[in-house]
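For reference, the chain that follows is the form predicted on its own, supplied as structure tokens.
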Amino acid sequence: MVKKPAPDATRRSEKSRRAIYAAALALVGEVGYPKTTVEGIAARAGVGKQTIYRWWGSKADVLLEAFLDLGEQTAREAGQEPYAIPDTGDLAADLKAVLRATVDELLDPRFDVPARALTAEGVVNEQLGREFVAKLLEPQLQLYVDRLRSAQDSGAVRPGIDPRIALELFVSPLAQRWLQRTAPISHAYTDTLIDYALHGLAPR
């Protein structure tokens, strides 16, 4: 009698993890953060509740990790390095490329729906808001800081500019327009934001 190989626990765990990510993001988009529960995620993913608690401490932990993973997947599908800003020596071109990719991500329903749910909840749920900023937003914003500092070193940006404030000239308007739906977001829009941020509004 041929002995069957033992099941690959690593593969099974990864399959369960992927199912949990998908279930968490789908639920938060459908019913909102307050009504999303660990029990609901587990049932939708087809796993036991204890499986989720073995890997994560709360539904917030599940959702934030799932959201981070989604961003990495989206970047890979687009042929980009997750959470990376290129440094080609052309600051405007590099920033435009990243913001164009961000627009594509924000217009993707897989990203848009859970992102809106988590962002909206983070406004009224202080603890979730802090975690959302610390785990998701700040690491991404730091990449802009690093790229702008590199531009300062090369002389493309004035030495006295505060990179953390400067990045808000193009990141914040995009975030506001997307979240509040004040107008469409597009590549042309983000290209213009970069031009205005880098060259200002005064006559040239």
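In this text, residue numbers run from 1 along the sequence as written. No experiment lies behind these values; they were computed from the predicted model shown.
Keep in mind that the form predicted in complex with another copy of the chain is missing from the display, and what follows is about it.
Legend entry - Partner proximity in the predicted bound form: Tyr189 to another copy of the chain, non-hydrogen atom cutoff 4.5 Å: Yes, Tyr189 sits close enough to another copy of the chain in the predicted bound form that at least one of its heavy atoms falls within 4.5 Å.
Legend entry - Interface membership of Glu138, another copy of the chain in the predicted bound form, 4.5 Å heavy atom rule: Yes, Glu138 sits close enough to another copy of the chain in the predicted bound form that at least one of its heavy atoms falls within 4.5 Å.
Inset, instruction - Using a 4.5 Å heavy atom cut-off, state whether Arg130 contacts another copy of the chain in the predicted bound form. - result: Yes, contact at 4.5 Å.
Inset, instruction - Answer with yes or no whether Ala120 is in contact with another copy of the chain in the predicted bound form, where contact means some heavy atom within 4.5 Å. - result: Ala120 belongs to the contact set for another copy of the chain.
Legend entry - The unique member of Arg147, Arg177, Lys59, Arg44 whose heavy atoms fall within 4.5 Å of another copy of the chain in the predicted bound form: Result of the distance check: Arg177.
Inset, instruction - Decide yes or no: are Ala19, Asp94 and Arg100 jointly within 4.5 Å of another copy of the chain in the predicted bound form, with each residue judged by its heavy atoms? - result: Answer is no for this spot.
Legend entry - Which of 50-58, 158-166, 64-72, 36-44 lines the interface with another copy of the chain in the predicted bound form (heavy atom within 4.5 Å): Careful reading of the contacts points to 158-166.
Inset, instruction - Just give me the residues of 16-41, first to last, that have a heavy atom within 4.5 Å of another copy of the chain in the predicted bound form. - result: The stretch 16-41, when checked against another copy of the chain in the predicted bound form, contributes no residue at the 4.5 Å heavy-atom cut-off.
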